[in-house]
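Just the one chain here, laid out as structure tokens, in the form predicted on its own.
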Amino acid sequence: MSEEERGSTLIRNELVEVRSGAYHDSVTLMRAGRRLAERPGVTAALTAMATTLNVDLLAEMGFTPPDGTRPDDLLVAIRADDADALEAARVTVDELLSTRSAPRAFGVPAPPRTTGSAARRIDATVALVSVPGPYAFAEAMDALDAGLNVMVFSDNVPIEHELELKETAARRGLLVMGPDCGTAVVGGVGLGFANVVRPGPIGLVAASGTGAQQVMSLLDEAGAGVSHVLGVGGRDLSAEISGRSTLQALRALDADPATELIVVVSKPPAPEVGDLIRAAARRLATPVRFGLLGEGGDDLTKVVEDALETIGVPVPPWPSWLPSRRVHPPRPGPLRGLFAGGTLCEEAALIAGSTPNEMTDLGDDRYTRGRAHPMIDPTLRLERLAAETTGGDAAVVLIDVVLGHGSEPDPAAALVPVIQEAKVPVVVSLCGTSGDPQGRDRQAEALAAAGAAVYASNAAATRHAVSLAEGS
């Protein structure tokens, strides 16, 4: 690509480049950006498509956004300590983004260009849609038209689109999981962020991604396992959507002979929708245990314990990994929570109650604008953790680490140096299973060796953090 095609702007030790028509997917660009930022001498880097959000992010990083960009242009922005570091980074980004697919062999059919055409080639039952939110409706409707159930991983999908998709699915006897559905397990196959769990008799319906991961991980620890985990999207139990996918998922699990108990996990629903779902559950042949977070309600660990007792499985002691010595003596003061999982954050806030606390969900849309989710890219959380544990007023910091497919491959490697430098206690809620690719026990042992108190139960982690914040 020539300099003219690139549209480069060079100022002292800073490059902003526009590459017209050079599309790369968001995961590739996120990884390239991280590799650039890790290079010696590079102080800031961004590789992203020139959407409005990313152009705004470029400006927030102190770069001058170029005029006339379009969403299908690629932005490359680098700031370095000197000209040599800048040039080396520029060469690196070319290498990172130069990989091309191997040419198609003669006689091999061209790949399908639409969801519907892909569905006609294979015996599929589920389509996973992961495109920018404004475009998800067309792909999801195409899948429904092809007779497929749909998991919509995309976020920022307009609620009117969600409503139309779910009404269409209900008329056709299909299920829409999502939008913003990050976790599902269907027929033993994990979709999105999913833990490696054993098969078992409990089916989950979850309007909560990390809530589902916490429940399935604890069930796996107890040896119970799951039949299916059907995510329905965080807005499904809102007044606007009225539980359309939850009702469909309940019917599907009730018809599944492998499911002996259904557990419904959600943040607090709209009151009238909660009543609607409970009434529907009473009409099923399969018993239903609700785990709807709220004031005075059970935490997710208690929900799991009740489910285990219902199916006759003993409740085990939930694992914890504590440092060999107390690194920092407790002192009364505020509790700070820095979470990647929204439901884990909300559960912690409910348990902390009147103890002075500030819980932040760094996976919320306002923190992921132009960034990958913190379960994939920990950069923002590491910065906040370092600031809170070395220069803030917090008496204790509580974080979650969520393992499984789709999540960061080795979160402890990045967290350990920060925890070792911490001047206040750090408590970790570790959500995962022994079968997860990161190795739950290896992650826990590394975090505990660095000085953190680690708990497999988010509720137990929060209660320990609260006790430290109260000076116990």
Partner chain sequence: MSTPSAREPHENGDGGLGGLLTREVKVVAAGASVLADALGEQAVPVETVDWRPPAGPAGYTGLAEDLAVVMGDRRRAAADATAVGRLLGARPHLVDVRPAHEVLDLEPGSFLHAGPPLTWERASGPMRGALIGAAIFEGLAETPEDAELLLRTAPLEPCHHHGTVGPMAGVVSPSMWMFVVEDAENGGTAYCSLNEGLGKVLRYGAYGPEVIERLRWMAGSLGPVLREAVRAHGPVDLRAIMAQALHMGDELHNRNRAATSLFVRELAGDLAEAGGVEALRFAAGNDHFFLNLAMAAGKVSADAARDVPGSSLVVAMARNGTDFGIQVSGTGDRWFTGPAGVPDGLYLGSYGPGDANPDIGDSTITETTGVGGFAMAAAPAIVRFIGGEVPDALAATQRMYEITLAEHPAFQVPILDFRGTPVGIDVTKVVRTGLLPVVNTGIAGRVAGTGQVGAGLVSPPAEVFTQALHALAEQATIAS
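Whichever C-alpha set is largest while still superposing within 1.5 Å between the two forms counts as the rigid core. Numbering follows the first chain given and starts at 1. Every value quoted in this text rests on a predicted model; they were computed, and no experiment measured them.
Absent from the display: the form predicted together with the partner chain. The rest refers to it.
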- Tell me which of 189-197, 309-317, 79-87, 204-212 has residues with heavy atoms within 4.5 angstroms of the partner chain in the predicted bound form? 189-197
- Query: Just one of Gly406, Pro66, Gly41, Gly435 has a heavy atom within 4.5 angstroms of the partner chain in the predicted bound form, so which one?
  - Reply: Gly406
- Query: Which of these residues, Asp393, Glu358, Glu383, Asp72, gets a heavy atom within 4.5 Å of the partner chain in the predicted bound form?
  - Reply: Asp72
- Task: Using a 4.5 Å heavy atom cut-off, state whether Val226 contacts the partner chain in the predicted bound form.
- Result: no
- Item | is_contact(Arg35, the partner chain) in the predicted bound form, heavy atom dist at most 4.5 Å | no
- Item | 4.5 angstroms heavy atom contact with the partner chain in the predicted bound form for Glu167 | yes
- Message: Taking any heavy atom pair closer than or equal to 4.5 Å as contact, tell me whether Arg283 reaches the partner chain in the predicted bound form.
- Response: yes
- Task: Scan 126-162 and note down the residues that get a heavy atom within 4.5 Å of the partner chain in the predicted bound form; none is a fine answer too.
- Result: Val126, Ala127, Leu128, Val129, Ser130, Val131, Pro132, Pro134, Tyr135, Phe137, Ala138, Glu139, Met141, Asp142, Asp145, Leu148, Asn149, Phe153, His161
- Task: For Arg113, decide whether the Cα shift between the shown form and the other one is 2 Å or greater, given a superposition on the rigid core.
- Result: yes
